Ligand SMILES: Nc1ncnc2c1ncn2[C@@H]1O[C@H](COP(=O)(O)OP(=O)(O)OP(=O)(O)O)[C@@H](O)[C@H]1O
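Take a look at this single chain, the form predicted on its own, given in structure tokens.
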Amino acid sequence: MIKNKKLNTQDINIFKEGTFITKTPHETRNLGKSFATVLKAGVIVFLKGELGSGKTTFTQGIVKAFGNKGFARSSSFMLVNEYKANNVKLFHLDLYKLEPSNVWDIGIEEYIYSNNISIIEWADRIVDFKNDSHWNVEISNMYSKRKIKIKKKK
């Protein structure tokens, strides 16, 4: 639900700075699907939130919206999962196991500056990020609900 309004996927401006409440993983995935309508080649999405907050569930909706038949899994053990989606690639990066001082050592710039879509979990571990144009998605648990704040930077 969006600030007492029904979600209208045609109104992409709602994502420029919005707060959403989801009550189930299904609703979180659906919000990810709706959010995917504003994503295009070259976009970077920073996902922030505690362990188990729903970052991967949100990403599953994005991946599904781009027509990928596979199921997005947490990339914690592989660092990067790649999905082909229509005419663009989706890179799902998970920086949980990396120290902030090591993030650039894995060649992350090849993903985030590739003119594809990069979705980055634990994005707060990236230091010295040189691109102010990205999306911030912050997910927090509130009892049995999730509060999802989405904001476009620049």
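Residue numbers run from 1 along the displayed sequence. Everything numeric in this text was worked out from a predicted model, so none of it was measured.
Although it is not shown, the form predicted in complex with this ligand is what the next lines describe.
Does residue 19 reach this ligand in the predicted bound form, with heavy atoms at most 4.5 Å apart? The answer is no: residue 19 has no heavy atom within 4.5 Å of this ligand.
Tell me, yes or no, whether residue 52 is in contact with this ligand in the predicted bound form, where a contact means a heavy atom of each within 4.5 Å. Residue 52: yes, in contact with this ligand in the predicted bound form.
I'd like to know whether residue 144 contacts this ligand in the predicted bound form, with contact meaning heavy atoms within 4.5 angstroms. Answer yes; at least one heavy atom of residue 144 falls within 4.5 Å of this ligand in the predicted bound form.
Does this ligand get within 4.5 angstroms of any non-hydrogen atom of residue 91 in the predicted bound form? No, residue 91 stays farther than 4.5 Å from this ligand in the predicted bound form.
So which of 53-61, 36-44, 106-114, 81-89 is the stretch with heavy atoms within 4.5 Å of this ligand in the predicted bound form? It is 53-61 that comes within 4.5 Å of the partner.
In sequence order, which positions of 24-46 have a non-hydrogen atom within 4.5 Å of this ligand in the predicted bound form? Contacts from 24-46: 24, 25, 28.
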